[in-house]
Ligand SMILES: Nc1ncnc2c1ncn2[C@@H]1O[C@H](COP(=O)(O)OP(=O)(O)O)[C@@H](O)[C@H]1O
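Starting off, we have a lone chain in the form predicted on its own, written out as C-alpha coordinates.
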(Lines give C-alpha, C1' and ligand atoms only; values in the text may rest on other atoms or scores of the structure.)
Protein backbone atom coordinates (compact mmCIF):
# COMPACT_ATOMS: atom_id res chain seq x y z
CA UNK A 1 0.00 0.00 0.00
CA UNK A 2 1.19 3.53 -0.65
CA UNK A 3 2.62 5.65 2.17
CA UNK A 4 3.58 2.42 3.92
CA UNK A 5 0.18 2.39 5.66
CA UNK A 6 -0.43 -0.82 7.57
CA UNK A 7 -3.18 -2.91 6.03
CA UNK A 8 -6.33 -3.18 8.11
CA UNK A 9 -6.18 -6.29 10.26
CA UNK A 10 -9.18 -8.18 11.62
CA UNK A 11 -8.56 -9.99 14.90
CA UNK A 12 -11.11 -12.42 16.37
CA UNK A 13 -10.78 -13.21 20.08
CA UNK A 14 -13.07 -15.93 21.39
CA UNK A 15 -13.39 -17.84 24.62
CA UNK A 16 -15.60 -18.35 27.67
CA UNK A 17 -16.24 -15.59 30.21
CA UNK A 18 -13.60 -14.78 32.80
CA UNK A 19 -10.63 -15.48 30.51
CA UNK A 20 -9.71 -11.80 30.21
CA UNK A 21 -11.24 -11.37 26.74
CA UNK A 22 -12.56 -7.83 27.21
CA UNK A 23 -9.54 -6.40 29.03
CA UNK A 24 -7.18 -8.00 26.52
CA UNK A 25 -9.17 -7.01 23.43
CA UNK A 26 -9.59 -3.39 24.52
CA UNK A 27 -5.90 -3.00 25.39
CA UNK A 28 -4.70 -4.63 22.15
CA UNK A 29 -7.02 -2.45 20.04
CA UNK A 30 -5.88 0.70 21.87
CA UNK A 31 -2.21 -0.20 21.53
CA UNK A 32 -2.47 -0.97 17.81
CA UNK A 33 -4.89 1.83 16.88
CA UNK A 34 -7.68 -0.57 15.92
CA UNK A 35 -11.42 -0.42 16.50
CA UNK A 36 -12.90 -2.68 19.19
CA UNK A 37 -16.18 -4.57 19.40
CA UNK A 38 -17.58 -6.40 22.42
CA UNK A 39 -20.12 -8.74 20.82
CA UNK A 40 -21.27 -10.02 24.20
CA UNK A 41 -22.53 -6.52 24.98
CA UNK A 42 -24.70 -6.66 21.85
CA UNK A 43 -26.31 -9.92 22.99
CA UNK A 44 -26.75 -8.43 26.46
CA UNK A 45 -28.35 -5.35 24.89
CA UNK A 46 -30.95 -7.33 22.95
CA UNK A 47 -31.59 -9.42 26.10
CA UNK A 48 -32.05 -6.23 28.16
CA UNK A 49 -34.55 -4.99 25.55
CA UNK A 50 -36.50 -8.29 25.69
CA UNK A 51 -36.63 -8.18 29.51
CA UNK A 52 -37.62 -4.49 29.53
CA UNK A 53 -40.41 -5.15 27.06
CA UNK A 54 -41.83 -8.14 28.92
CA UNK A 55 -40.98 -10.70 26.23
CA UNK A 56 -41.19 -14.29 27.53
CA UNK A 57 -37.54 -15.42 27.59
CA UNK A 58 -38.65 -19.07 27.71
CA UNK A 59 -40.47 -18.70 24.38
CA UNK A 60 -38.03 -18.73 21.41
CA UNK A 61 -40.89 -17.96 19.00
CA UNK A 62 -41.80 -14.80 20.92
CA UNK A 63 -38.13 -13.75 20.97
CA UNK A 64 -37.71 -14.46 17.25
CA UNK A 65 -40.79 -12.41 16.39
CA UNK A 66 -39.31 -9.20 17.84
CA UNK A 67 -35.57 -9.78 17.22
CA UNK A 68 -35.55 -7.10 14.52
CA UNK A 69 -37.18 -4.37 16.62
CA UNK A 70 -34.51 -2.85 18.89
CA UNK A 71 -31.97 -0.53 17.28
CA UNK A 72 -28.57 -1.47 18.72
CA UNK A 73 -25.63 0.87 18.15
CA UNK A 74 -22.12 -0.06 19.25
CA UNK A 75 -19.37 2.53 19.61
CA UNK A 76 -16.04 0.94 18.63
CA UNK A 77 -13.51 3.22 20.35
CA UNK A 78 -11.48 0.95 22.67
CA UNK A 79 -10.94 3.84 25.10
CA UNK A 80 -14.69 4.38 25.42
CA UNK A 81 -16.79 1.54 24.01
CA UNK A 82 -20.45 2.57 24.10
CA UNK A 83 -23.71 0.73 23.50
CA UNK A 84 -27.19 2.13 23.05
CA UNK A 85 -30.59 0.56 22.41
CA UNK A 86 -33.11 2.83 20.68
CA UNK A 87 -30.93 5.77 21.67
CA UNK A 88 -30.70 4.83 25.38
CA UNK A 89 -27.28 4.23 26.95
CA UNK A 90 -27.42 0.68 28.33
CA UNK A 91 -23.76 0.11 29.25
CA UNK A 92 -24.72 -0.23 32.94
CA UNK A 93 -28.11 -1.99 32.80
CA UNK A 94 -26.83 -4.81 30.53
CA UNK A 95 -24.41 -5.99 33.25
CA UNK A 96 -27.05 -6.81 35.86
CA UNK A 97 -27.41 -10.40 37.15
CA UNK A 98 -30.92 -10.48 35.64
CA UNK A 99 -29.61 -9.87 32.12
CA UNK A 100 -26.59 -12.16 32.68
CA UNK A 101 -28.86 -15.05 33.70
CA UNK A 102 -31.02 -14.68 30.57
CA UNK A 103 -28.47 -13.88 27.86
CA UNK A 104 -27.74 -17.52 26.93
CA UNK A 105 -31.43 -18.26 26.28
CA UNK A 106 -31.91 -15.17 24.11
CA UNK A 107 -28.58 -15.69 22.29
CA UNK A 108 -29.54 -19.24 21.36
CA UNK A 109 -32.45 -18.07 19.18
CA UNK A 110 -31.32 -18.29 15.50
CA UNK A 111 -33.13 -15.08 14.49
CA UNK A 112 -31.31 -13.18 17.24
CA UNK A 113 -27.95 -14.58 16.14
CA UNK A 114 -28.64 -13.76 12.47
CA UNK A 115 -29.56 -10.17 13.37
CA UNK A 116 -26.56 -9.57 15.65
CA UNK A 117 -24.10 -11.39 13.33
CA UNK A 118 -25.14 -9.09 10.46
CA UNK A 119 -24.52 -6.08 12.72
CA UNK A 120 -21.08 -7.43 13.71
CA UNK A 121 -20.04 -8.09 10.10
CA UNK A 122 -21.02 -4.60 8.98
CA UNK A 123 -19.02 -3.02 11.85
CA UNK A 124 -15.97 -5.14 10.99
CA UNK A 125 -16.26 -4.29 7.28
CA UNK A 126 -16.43 -0.55 7.98
CA UNK A 127 -13.42 -0.44 10.37
CA UNK A 128 -10.86 1.44 8.28
CA UNK A 129 -7.75 0.50 10.24
CA UNK A 130 -8.99 -2.89 11.33
CA UNK A 131 -10.76 -4.17 14.42
CA UNK A 132 -10.47 -6.50 17.39
CA UNK A 133 -13.76 -8.38 17.78
CA UNK A 134 -14.29 -10.41 20.94
CA UNK A 135 -16.98 -12.99 21.56
CA UNK A 136 -17.76 -16.68 21.44
CA UNK A 137 -18.31 -17.50 17.76
CA UNK A 138 -16.30 -14.81 15.96
CA UNK A 139 -13.57 -17.01 14.46
CA UNK A 140 -15.98 -19.81 13.59
CA UNK A 141 -19.14 -18.04 12.41
CA UNK A 142 -19.06 -14.25 12.37
CA UNK A 143 -15.66 -13.58 10.77
CA UNK A 144 -14.33 -16.93 9.52
CA UNK A 145 -11.85 -15.05 7.29
CA UNK A 146 -10.35 -13.01 10.15
CA UNK A 147 -6.59 -12.41 9.74
CA UNK A 148 -5.88 -13.71 13.22
CA UNK A 149 -8.03 -15.89 15.47
CA UNK A 150 -7.27 -16.31 19.14
CA UNK A 151 -9.05 -18.58 21.60
CA UNK A 152 -8.49 -17.65 25.24
CA UNK A 153 -8.92 -20.31 27.92
CA UNK A 154 -8.39 -20.52 31.68
CA UNK A 155 -9.34 -22.93 34.46
CA UNK A 156 -12.86 -22.59 35.87
CA UNK A 157 -11.32 -21.63 39.23
CA UNK A 158 -9.24 -18.80 37.74
CA UNK A 159 -12.20 -17.53 35.73
CA UNK A 160 -14.53 -17.54 38.75
CA UNK A 161 -11.96 -15.72 40.88
CA UNK A 162 -11.58 -13.02 38.19
CA UNK A 163 -15.29 -12.68 37.69
CA UNK A 164 -16.13 -12.49 41.40
CA UNK A 165 -13.38 -9.87 41.67
CA UNK A 166 -15.25 -7.86 39.03
CA UNK A 167 -18.63 -8.44 40.66
CA UNK A 168 -17.98 -6.78 44.00
CA UNK A 169 -18.58 -9.13 46.89
CA UNK A 170 -19.73 -12.04 44.71
CA UNK A 171 -19.11 -15.48 46.12
CA UNK A 172 -16.50 -17.41 44.09
CA UNK A 173 -18.29 -20.76 44.35
CA UNK A 174 -21.64 -19.48 43.05
CA UNK A 175 -19.83 -17.45 40.35
CA UNK A 176 -18.00 -20.61 39.25
CA UNK A 177 -21.27 -22.55 39.04
CA UNK A 178 -22.92 -19.77 37.02
CA UNK A 179 -19.93 -19.60 34.63
CA UNK A 180 -19.90 -23.36 34.07
CA UNK A 181 -23.65 -23.37 33.47
CA UNK A 182 -23.43 -20.52 30.95
CA UNK A 183 -20.46 -22.08 29.12
CA UNK A 184 -22.33 -25.39 28.87
CA UNK A 185 -25.40 -23.62 27.45
CA UNK A 186 -23.33 -21.63 24.96
CA UNK A 187 -21.19 -24.61 23.91
CA UNK A 188 -24.18 -26.87 23.30
CA UNK A 189 -26.52 -24.50 21.46
CA UNK A 190 -27.32 -25.49 17.88
CA UNK A 191 -26.64 -22.09 16.29
CA UNK A 192 -23.01 -20.90 16.36
CA UNK A 193 -21.90 -22.52 19.60
CA UNK A 194 -18.95 -21.31 21.67
CA UNK A 195 -16.15 -23.18 19.91
CA UNK A 196 -12.50 -22.87 18.96
CA UNK A 197 -11.83 -22.41 15.24
CA UNK A 198 -9.45 -24.96 13.68
CA UNK A 199 -7.01 -22.19 12.74
CA UNK A 200 -7.19 -20.32 16.06
CA UNK A 201 -4.19 -19.88 18.34
CA UNK A 202 -5.11 -21.07 21.84
CA UNK A 203 -3.76 -19.01 24.73
CA UNK A 204 -4.24 -20.40 28.26
CA UNK A 205 -4.40 -17.38 30.56
CA UNK A 206 -4.63 -19.29 33.87
CA UNK A 207 -1.05 -18.54 34.92
CA UNK A 208 -0.55 -15.33 32.95
CA UNK A 209 -0.94 -11.72 34.04
CA UNK A 210 -3.13 -9.46 31.93
CA UNK A 211 0.00 -7.64 30.69
CA UNK A 212 1.48 -10.96 29.50
CA UNK A 213 -1.71 -11.91 27.62
CA UNK A 214 -1.81 -8.48 25.94
CA UNK A 215 1.86 -8.74 24.95
CA UNK A 216 1.28 -12.23 23.53
CA UNK A 217 -1.66 -11.07 21.37
CA UNK A 218 0.13 -7.90 20.18
CA UNK A 219 3.08 -10.09 19.11
CA UNK A 220 0.76 -12.47 17.22
CA UNK A 221 -0.89 -9.53 15.40
CA UNK A 222 2.55 -8.18 14.48
CA UNK A 223 3.57 -11.55 13.02
CA UNK A 224 0.35 -11.72 10.98
CA UNK A 225 0.84 -8.19 9.65
CA UNK A 226 4.41 -8.98 8.62
CA UNK A 227 3.25 -11.76 6.29
CA UNK A 228 0.10 -10.06 4.94
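Positions refer to the first chain, counted from 1. Predicted, not measured: the structure shown is a model, and the values here were computed from it.
Missing here is the form predicted together with the named molecule; even so, the following discussion is about that form.
Wondering, does residue 220 line up within 4.5 Å of the named molecule in the predicted complex on heavy atoms? Judged by the heavy-atom cut-off of 4.5 Å, residue 220 is well away from the named molecule in the predicted complex.
Is residue 166 a contact residue for the named molecule in the predicted complex, using a 4.5 Å heavy atom cut-off? Yes, residue 166 is a contact residue.
So in the predicted complex, does residue 213 come within 4.5 Å of the named molecule, heavy atom to heavy atom? Contact check for residue 213: yes, within 4.5 Å of the named molecule in the predicted complex.
Is it the case that residue 162, even though its partner is missing from this view, gets within 4.5 Å of the named molecule in the predicted complex, heavy atoms only? Residue-level check for residue 162: yes, a contact with the named molecule.
Do any residues of 23-42 have a non-hydrogen atom within 4.5 angstroms of the named molecule in the predicted complex? If so, which ones, in sequence order? Only 23 sits within 4.5 Å of the partner.
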